[in-house]
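Below you'll find only one chain, the form predicted alone, shown as structure tokens.
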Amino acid sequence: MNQIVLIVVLPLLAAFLVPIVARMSASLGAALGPLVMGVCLWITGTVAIESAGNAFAINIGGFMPPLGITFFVDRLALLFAFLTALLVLVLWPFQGEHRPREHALTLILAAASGGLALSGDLFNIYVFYELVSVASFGLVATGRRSSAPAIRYLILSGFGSVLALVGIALVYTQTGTLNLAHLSQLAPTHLINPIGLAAFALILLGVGVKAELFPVNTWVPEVYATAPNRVSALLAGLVSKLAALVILRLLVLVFAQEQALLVMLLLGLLGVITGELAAWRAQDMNRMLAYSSIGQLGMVFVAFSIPGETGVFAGLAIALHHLVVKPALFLLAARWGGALSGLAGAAGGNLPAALLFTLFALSLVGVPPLPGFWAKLLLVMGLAEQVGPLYHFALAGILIATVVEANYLFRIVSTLFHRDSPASPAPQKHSGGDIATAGLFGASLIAAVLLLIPLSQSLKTIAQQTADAAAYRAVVTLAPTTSTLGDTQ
């Protein structure tokens, strides 16, 4: 099962080979990236079957933790490693001319994303986070509509990296280690204090830049409005969830204290309120989707602030639902950019696209029996079970935000199917690839309705395993003072 490390190694190697191969053969260079991602998909699936859901750790180079680099592989890590390969493959920039640089950056993003899903120490997490930042900036800059949003995104990402690095440094000064299992042992005596809370807040804000967390999410509307739509789909659908995954690991293993939960609850709730209100006021499709994404990610953080397995279950359900819906909406917006008022009657020009948009809008609002309803129901029930006025205030905020969300999404659906507009709008065209890809996401949403019970049971099992910090420590065997080095625990 050690071959799981190849999902990081192979895309990195291919990223350097793509420009070389493309000079010799353009068609072979264009096929290399999808081929590598297909291999990564197969490797992840094979490891998932062989492990049978049991967690295991890999010590890179045979060095025992906490001195060595550890990859921790459980159901959650395998799920996001699999989704990384799948989403990168589905959203691969097949259309248009072959651009080796763009393909190389996409492969680097895939490798770093897989590393974030598997990393078992803060040092590695920071390294892969930086790789994600570099690759995503390069992809955003390929939009070529305006360089200003890309520069602002780079500056804010750099600021987030500094915050995260300072927080990691505080953790190291207090504990002398960065291995998550070792930190989980030391946290109750070394990090349950004001310095530990400050470290968590810094790491939360630093990593939260990619997770669209309030208040470090000001880059989102500008970048999503100017970047290529498949890049926006990758950032909103994949990268933001991996950043949230990192924060979830830290919350469960290292910062399991009430104050940390309340900090995340407050920032998540502010994200929900500001994101949904801004989306309600937006007059542009891409900006509306960007602000809506901020609101949805805020719900994920509100869910993760609920203690124990309940919060993990609800947060993962919302995150996975958003991972399916938001990329599809950005693909549909590829030819529906500009003023929302110009979409009057656009369904007549492309009925399949309009029907898909309606399906995703209904699920985002939470209309039963679509998956969005069940995800929000888990969040509402989890908040209602908590004791404390802030959780009840968050419950009221979520319900109000849902009403606001329904208002602007149904308004757009009504505009798309409007038949009595005084002037007939120009036909709205979508590329066949975008429609087909959005259709795949739509089919996944319908399949989730039909397979709701087994999917919910699997997700609950993942949440139980993820929330068990003691089991994590038991899998990652720490090196004693004198020990024999081994490869796999």
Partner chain sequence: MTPLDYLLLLSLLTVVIALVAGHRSMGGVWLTFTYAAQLGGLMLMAGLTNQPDVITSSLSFTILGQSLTWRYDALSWYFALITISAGLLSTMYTAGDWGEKFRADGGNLWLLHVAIALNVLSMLILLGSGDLLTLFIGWELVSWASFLLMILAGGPSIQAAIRYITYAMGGAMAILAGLALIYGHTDSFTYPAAANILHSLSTAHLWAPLLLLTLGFGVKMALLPLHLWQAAAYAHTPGPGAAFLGAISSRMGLYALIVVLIQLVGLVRVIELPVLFSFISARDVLAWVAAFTIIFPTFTALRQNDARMLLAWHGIGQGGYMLLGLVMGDALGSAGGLMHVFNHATYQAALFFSVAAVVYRTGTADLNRLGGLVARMPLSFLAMLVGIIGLAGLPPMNGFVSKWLVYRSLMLEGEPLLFVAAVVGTLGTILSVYKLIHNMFLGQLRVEHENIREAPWSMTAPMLILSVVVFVTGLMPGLVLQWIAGIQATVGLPVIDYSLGGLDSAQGSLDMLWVVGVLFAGFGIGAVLFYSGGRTHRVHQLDNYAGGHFLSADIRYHYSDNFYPGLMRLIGPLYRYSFAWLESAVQSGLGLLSLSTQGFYRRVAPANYALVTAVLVLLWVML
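Keep in mind it's a predicted model, so treat the numbers as computed, not measured. Positions refer to the first chain, counted from 1.
The same protein also has a form predicted in complex with the partner chain, omitted here; what follows describes it.
Visitor: Would you check whether the partner chain, in the predicted bound form, lies within 4.5 angstroms of a non-hydrogen atom from each of V39, L331 and F360?
Guide: Not a single residue of the candidate spot has a heavy atom within 4.5 Å of the partner chain in the predicted bound form.
Visitor: Considering only heavy atoms, tell me if F159 and the partner chain come within 4.5 Å of each other in the predicted bound form.
Guide: Taking the distances in the predicted bound form, the answer for F159 is yes, it comes within 4.5 Å of the partner chain.
Visitor: Using the partner position in the predicted bound form, report whether E385 sits within 4.5 Å of the partner chain, counting heavy atoms only.
Guide: It does: once the partner chain is placed as it appears in the predicted bound form, E385 has a heavy atom within 4.5 Å of it.
Visitor: Can H190 be called a contact residue for the partner chain in the predicted bound form at 4.5 Å between heavy atoms?
Guide: Answer no; every heavy atom of H190 is more than 4.5 Å from the partner chain in the predicted bound form.
Visitor: Even though the partner chain is not shown here, does N350 get within 4.5 Å of it in the predicted bound form, heavy atoms only?
Guide: So N350 does not count as contacting the partner chain.
Visitor: So if I measure heavy atom distances to the partner chain in the predicted bound form, which of the stretches 291-299, 80-88, 323-331, 178-186 falls within 4.5 Å?
Guide: Flagged stretch: 291-299.
Visitor: Among L343, V252, L202, A243, which has any heavy atom within 4.5 Å of the partner chain in the predicted bound form?
Guide: Only one listed residue qualifies here, and that residue is L202.
Visitor: Which of these residues, Y126, W374, W92, F71, gets a heavy atom within 4.5 Å of the partner chain in the predicted bound form?
Guide: Of the candidates Y126, W374, W92, F71, W374 is the one lying within 4.5 Å of the partner chain in the predicted bound form.
Visitor: Residue by residue through 351-376, which ones have a non-hydrogen atom no more than 4.5 angstroms from the partner chain in the predicted bound form?
Guide: Result: L362, V365, G366, V367, P368, P369, F373, W374.
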